[in-house]
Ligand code: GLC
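Below you'll find only one chain, the form predicted on its own, shown as C-alpha cells.
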C-alpha cells in the first residue's frame, strides 16, 4: 500500500510540474524509463537534439517498472493533457493506445519522406505500429525470444544446434544425462513458465512454431485450436515427461531465474531475450565465451517463431507541439542516433539497415541471428483489452503446465473467458 501511495504522489507531482509548464519558446516533454544508465544516455540524446534544433526537451524520468511506466502515461493521456508530448511504449501498449485514440498518426512523416518504412522491419511495423491502416509508432529498440546454447558442450558431445523441438529434446536429454554425472543440478533446457507475461510470450512461440498462435489470419483471438493444444502438451512434457526442464519452471522461472541457471553452468539450452547476451559474456560469468545464439526451434507443423518485444516511440494526440515532436521522432529514429544507442547501450536497433553496419556488428556479433529472428517475429494481440486477455492466458496455461488441468481443458476455458470479455465490449 505504501508503494502504491508513493507512486500516486509521484504522479501528482508530475501533473503539477509539467501540465501547463510551457512558455513561448518551443519545448517538449519526452517520457522515458529503464535502467539509470539508459535514462542518463537519453539526456545526452535530447541535449544533442536541442543543440541542433534549439528546441528544449524536458526528459520525464519514469520508473523502471513497466506497469508503473504504463500507468504514468495512461493518467495524462486519459485526461487529454498536452504533456508528455513524446514517449516510449512497450510493444504491447501501441495497439491499446491507438485504439483509445491517444496517439497522433505518423502517416504524414512517411508521406513527406521524414521516415522511410523500408529502413525498418516490415513484419514489426505491420503487426505493432499499424492500427486500422494508419501508422501510430515506430520501433526504437527491438526485442524477441532467442535460443541460447552452450557451444562448448555441443562440441564436446558432437552435436549441432537444434532446428526442431524434437532435436532439442533429444540433444538436451543426452547432454543432461552425461553432465549430471558431475553436476546433479544440470538441466537440458530452461525457459519462462511462471504465471506472468513471460509465460504468454513462451506459449506464443511454441504455438506459432507449430502453425498455431493467439490470433487467426483475420486478427480474431483464437487460442483453442489443435495446434495450440499440441504446443501446450509439449511445454508440459518438457517438465514432466522428458524432464529436461526444472520442476520449478511453472512456479519460479522468469527471465532472471532462467538466466542465472544458465549463467551458473547448469543448463545446455536457454530461452531468453537478447539482454542476456551481454550478461552471459561479462567478467565473472561461468559461461563467458562459451555461449552462442540461434533461432528458437520450429515445431512439427510450423516454422521458427519468436515473440516480439521492445520499445516504440509515439506522439500524444493531445500534444500542443506536434511539429516539434515529429522533429524529435525523426532525430531519435535516425541512423546516427540509433547507431549510438546500439553502441553505447547495446540496444538492438529498431532500424533494419543498422544490422549490416560494421561497427555495430563488431560490438554485437549476435545481430546476424537477431535480424533473422526479427523477420520471424510474432506480435501479441493489439487488442485494447490485451491486459485482461493476458491474465486469462497466464492463469490457464500455468494450470496446464502444473498438471492442475489438461491442455485442451485449459485452452477451452481460456477461450470461453476471452470470448466473454470481447462480447462484453462488443468486439
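By rigid core we mean the largest C-alpha set that fits within 1.5 Å across both forms. Residue numbers count along the first chain shown, from 1. In this text the structure is predicted, and so the values were computed from the model without any measurement.
Here the subject shifts to the form predicted in complex with the ligand, a form of this protein not shown in this document.
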* Of the options 324, 197, 230, 119, which one has a non-hydrogen atom that comes within 4.5 Å of the ligand in the predicted bound form? -> 197
* in the predicted bound form, the one of 263, 143, 205, 85 near the ligand [non-hydrogen atom within 4.5 angstroms] -> 143
* **Heavy atom of residue 273 within 4.5 Å of the ligand in the predicted bound form** => yes
* For residue 238, is any heavy atom within 4.5 Å of the ligand in the predicted bound form, or not? -> no
* Find out whether any non-hydrogen atom of residue 277 is located within 4.5 angstroms of the ligand in the predicted bound form, and reply yes or no. => no
* Asked: Is there a non-hydrogen atom of residue 347 within 4.5 angstroms of a non-hydrogen atom of the ligand in the predicted bound form?
  -> no
* Asked: Any chance 193, 252 and 391 all have a heavy atom within 4.5 Å of the ligand in the predicted bound form?
  -> no
* To do: Select, from the options 310 to 318, 105 to 113, 149 to 157, 332 to 340, the stretch whose residues sit within 4.5 angstroms of the ligand in the predicted bound form by heavy atom distance.
  => 310 to 318
* **Residues of stretch 373 to 396 in contact with the ligand in the predicted bound form (4.5 Å, non-hydrogen atom)** => 380
* Is the C-alpha displacement of residue 90 equal to or greater than 2 Å between the shown form and the other one once the rigid core has been superposed? -> yes
* To do: Kindly check if the Cα atom of residue 347 is displaced 2 angstroms or more between the shown form and the other one relative to the superposed rigid core.
  => yes
* **Note on residue 197-residue 65 C-alpha separation in the predicted bound form, which departs from the shown form by 3 angstroms or more** => closer
* Say whether the C-alpha atoms of residue 128 and residue 304 sit closer together or farther apart in the predicted bound form than in the form shown here, given that their separation changes by 3 Å or more. => farther
